[in-house]
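Taking the form predicted alone, here's one chain by itself in structure tokens.
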């Protein structure tokens, strides 16, 4: 595929033969994957849809957040890249891609499960970019646990803090800085609608993200601030290989979809661009499902 506008058959556009039965250490680095994900670095072509925008993207070091950051930069946005401190090397690679697009990249490590760090991240973004008009919340915690008896309160709490509390903390801190026309995009999942038995805590948080986002969308719409949600299906990222799936599931990962394969982060970039751009000005409180054809309510 030469770029995202190239006519192609989506069934065999990307890898269809599964992934190695091999896990990597959490939180997972892109460079540790035997089969690397496609983030659109060699294909995404911008067209000025986000010219001059100032964006904060969480989980921007790898996976979906990385693809969004590359696309935002190529569409003309300056980007604050958030990630965990242990993911510094991946984040530096993304920053280079942003800068190669002629945009500003700000490295902003922070653990979003810690309230003080999540809130401080917003101020880092505002100060570094001279404002903020796009908040893109992608970072998440996903750990597969077969039996409920083995799901600890500590993990349950950490998953909620990372996935749900961080949305509350970051959005609450960001709203006073957001002008009319700004956008907030959160990240739910197919797990909100079709939860896997080993992802009890993660699936529950993704349903909560849907709900909090739709409530916020109604509250903030009169201020001219739009809130929308992207709900990915099975996408190949370090999150899956670092505990999000059991290693024995990886060879068949994504084959349950009607399209018959897992998605690549590059295939999500356009959704995040669309929801931040002015062309989606009448789209508010929407969950945009990008899941290879799996039915959702």
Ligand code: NAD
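Note that the coordinates shown come from a computational prediction; the quantities given were computed from them, not determined experimentally. Numbering follows the first chain given and starts at 1.
Beyond the structure shown, there is the form predicted in complex with the named molecule, which is absent from this document and is the topic of what follows.
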request  = Select from the listed residues 244, 254, 40, 63 the one whose heavy atoms reach within 4.5 Å of the named molecule in the predicted complex.
outcome  = 63
task = Check each of 133, 78, 87, 201 and return the one that places a heavy atom within 4.5 angstroms of the named molecule in the predicted complex.
result = 87
ask   = Quick one: does residue 145 come within 4.5 Å of the named molecule in the predicted complex, counting heavy atoms only?
value = no
inquiry  = Residue-level question: is residue 27 within 4.5 Å of the named molecule in the predicted complex, judged on heavy atoms?
reply    = yes
message = At 4.5 Å between heavy atoms, is residue 188 in contact with the named molecule in the predicted complex?
response = yes
ask   = Is residue 72 one of the residues lying within 4.5 Å of the named molecule in the predicted complex, judged by heavy atom distances?
value = no
query = For the chain shown here without its partner, which stretch in 134-142, 216-224, 193-201, 147-155 has non-hydrogen atoms within 4.5 angstroms of the named molecule in the predicted complex?
reply = 134-142
task = Give, in sequence order, every residue of 216-245 that has a heavy atom within 4.5 Å of the named molecule in the predicted complex, or say none if there are no such residues.
result = 232, 233, 234, 235, 237, 238, 239, 240
